[in-house]
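Just one chain follows, in the form predicted on its own, and it is written as structure tokens.
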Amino acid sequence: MRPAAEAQAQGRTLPRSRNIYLVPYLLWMVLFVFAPILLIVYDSLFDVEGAFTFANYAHFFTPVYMKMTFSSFWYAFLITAFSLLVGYPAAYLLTKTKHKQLWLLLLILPSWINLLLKTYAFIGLFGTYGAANAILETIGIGRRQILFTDFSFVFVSVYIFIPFMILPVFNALEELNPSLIDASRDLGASPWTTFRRVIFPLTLNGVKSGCQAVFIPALSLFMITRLIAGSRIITLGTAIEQHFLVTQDWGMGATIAVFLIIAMAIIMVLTGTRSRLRR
């Protein structure tokens, strides 16, 4: 009877000891996730003078902020689409190379460099007397305004985010069973049909993870937008920066942040639900 009682006592103490390890995680979530979100929601309920109001939420649905919202989603979509168009073939080629780990390391290395330094490097490359304009002048096209354009903003953003697209797609391709591709070829399917009917559907979870990792941060860009696009592109991220640092309208800036958080949460829930349903 004693061994059985001791076993039951140990079984009761094990879950308690495991719950102790959850305390740091829960503290981290409360202090650095839930508390900041609640603080943002609280700040959104006050105007510039500190009076309680819901006018910030009504003001968000004016044409000016709706245009900013559409612009933010449009550029986030472009950045995600181009990252996928470049990242998927790159990930596929990586799976066919001999030294995969070396190429992955070379791919990850630029992400270790400070984002501000990389942005200033592109300012030098795309400037009037930068390397890009020097190449254009050499081939006879002449100098062009590259910096502070839609092209430069999307190009730099894709360069920044493309590792976050390649890595999940690469992992999905690595987990793909090669026998399925061989079976498709044995049945007479063309390479395009094999990709469309076998490879892409089976790696769709990696594509969705990559799109999440790119679209969500691209939706709230402000530093790259400010330095590369200048005042040509105004998004919700730059609007938040202006309200907090320039106009000192923290309530309106917090309101925009609330809607951004809601949009990001909706995107994550929709894609996550679909993947679970498929499984």
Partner chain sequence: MNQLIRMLLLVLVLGFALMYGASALNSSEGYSGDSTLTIYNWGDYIDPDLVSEFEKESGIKVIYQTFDSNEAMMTKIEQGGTTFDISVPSEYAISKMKEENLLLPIDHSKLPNLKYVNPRFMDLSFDPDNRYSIPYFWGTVGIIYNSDMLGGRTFKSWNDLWDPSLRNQILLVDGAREVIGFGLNSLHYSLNDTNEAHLQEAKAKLNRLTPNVKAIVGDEIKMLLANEEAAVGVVWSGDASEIMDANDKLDYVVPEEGSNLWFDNMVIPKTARNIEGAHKFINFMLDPKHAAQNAEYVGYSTPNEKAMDYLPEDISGDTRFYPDPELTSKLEVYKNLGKKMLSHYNELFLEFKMHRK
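Small disclaimer: the values here were computed from a predicted structure and weren't measured. Numbering follows the first chain given and starts at 1.
Just so you know, the form predicted together with the partner chain exists too; it's not on screen, but the next bit is about it.
Ala58 falls outside the set of residues with a heavy atom inside 4.5 Å of the partner chain in the predicted bound form. Interface residue remark: Ile234 is counted as part of the site for the partner chain in the predicted bound form, having a heavy atom within 4.5 Å. Contact between Thr128 and the partner chain in the predicted bound form is found at the 4.5 Å heavy atom cutoff.
Interface membership of Gln145, defined by any non-hydrogen atom within 4.5 Å of the partner chain in the predicted bound form, is confirmed.
Taking the partner chain as positioned in the predicted bound form, the residues of 224 to 244 that bring a heavy atom within 4.5 Å of it are, in sequence order, Arg226, Leu227, Gly230, Ser231, Arg232, Ile233, Ile234, Gln242, His243.
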